[in-house]
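A single chain, nothing else alongside it, follows as structure tokens in the form predicted alone.
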């Protein structure tokens, strides 16, 4: 369904209470930070006289399968949370999916998006996703009190070697240098974040794409990243195995560890604990980073069954990408706004770190889920988690396992 510009204009210009609509929103958000962020958007939508009907599923559920089942069962939602481009391709093949290319181009949205965001929301030449917030898959959040007590300054690190060199001082001061959680998800994210930061965008995209370049496994930088993963696994405390990311972050929040290298959704946990960026905690990109792996949360529109419904759906899209709303949403979610022109007074120091880095269009690379075969990146997770869990496995053996997995997936 191509966007009807007349309807889009109506969505922007007329008071929507004159044609108030009820939209069903399908999502898997459930944490306090997620729900409070969503509430920002719902309140703005309902202030226009419309109604939001919440259709929430457990976070761990296969949301894309549920979406398809709702459609084929005759109960499709209007709005859904989904970032996987393959889902949009499937929907378009079924005759669903509403592009917002014209709406974003003609209302000044596109020109204010970081390149990494625009890449993420574009599927086969059309803007199909409505971005809500930017997450960096691997940032360092650190406890300022612990840093002071240990006599270290993470903001001064210029390389990973600088960071590792300070770990002895942290341990001697009685703190864990780094909190780590032993789960496949956490190890997988750590690995691809390090590939981006340490190996750089060229090698990253040779590793993560529809058809990876098998020569990438012999790059010295890949071995360097794997050996860094081993270094972090050796720093794990006894309770790390199967510990969730939020529990791991809590070790830093409560002053037991200096830092956590994980996705910047950590900030939601800090905020929920009443902590303030720049006062209680600091945030930096991986020292010496060459590229940032970027995750962009997004809504999709299934497509209105009539002009009034479509107008309401496009009004929702406009609300989501509004500069003020994206800043408020991100403040609650723990993400960064998706627009460079978000109000400066609504940004914290972590947002500034992210948006400043993404001013360089070469600095952001796409989350593997957005660009690579699902079987492939899942197999990378398996290999790296096996490596993490088996201290006798060498980096060379891990590389051979990656090669074997490549052959198994791609033939």
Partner chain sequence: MSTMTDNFVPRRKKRITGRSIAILAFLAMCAAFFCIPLYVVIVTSFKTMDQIRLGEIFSLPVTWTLEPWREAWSEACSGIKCEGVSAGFFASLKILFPSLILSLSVSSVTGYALALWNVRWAGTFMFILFMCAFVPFQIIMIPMIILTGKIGVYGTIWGVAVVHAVLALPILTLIFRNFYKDIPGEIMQAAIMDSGSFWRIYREIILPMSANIFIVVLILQITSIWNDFLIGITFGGLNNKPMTVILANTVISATGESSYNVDMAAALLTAIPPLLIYFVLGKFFVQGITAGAIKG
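Numbering follows the first chain given and starts at 1. As the structure is a prediction and not an experimental result, all values here were calculated from the model.
There is another form of this protein, the form predicted in complex with its partner chain, and it is not shown here; the text below is about that form.
Exactly one listed residue, out of 349, 355, 70, 44, brings a non-hydrogen atom to within 4.5 Å of its partner chain in the predicted complex: 70. The listed set 105, 158, 211, 254 contains one residue whose heavy atoms approach its partner chain in the predicted complex to within 4.5 Å, identified as 254. Its partner chain is not drawn, but in the predicted complex it has a heavy atom within 4.5 Å of residue 30. Looking at residue 53, you'd find a heavy atom of it within 4.5 angstroms of its partner chain in the predicted complex. Its partner chain is not drawn, but in the predicted complex it has no heavy atom within 4.5 Å of residue 231.
Mapping the unseen interface onto this chain, residue 281 falls outside it, with no heavy atom inside 4.5 Å of its partner chain in the predicted complex. Looking at its partner chain in the predicted complex, residues 118, 131 and 322 place no heavy atom within 4.5 Å of it.
Here the chain stands alone, but in the predicted complex its contact with its partner chain, taken as any heavy atom within 4.5 Å, falls in 246-254 among 312-320, 246-254, 195-203, 118-126. Shown without its partner, the chain has no residue in segment 284-317 with a non-hydrogen atom within 4.5 angstroms of its partner chain in the predicted complex.
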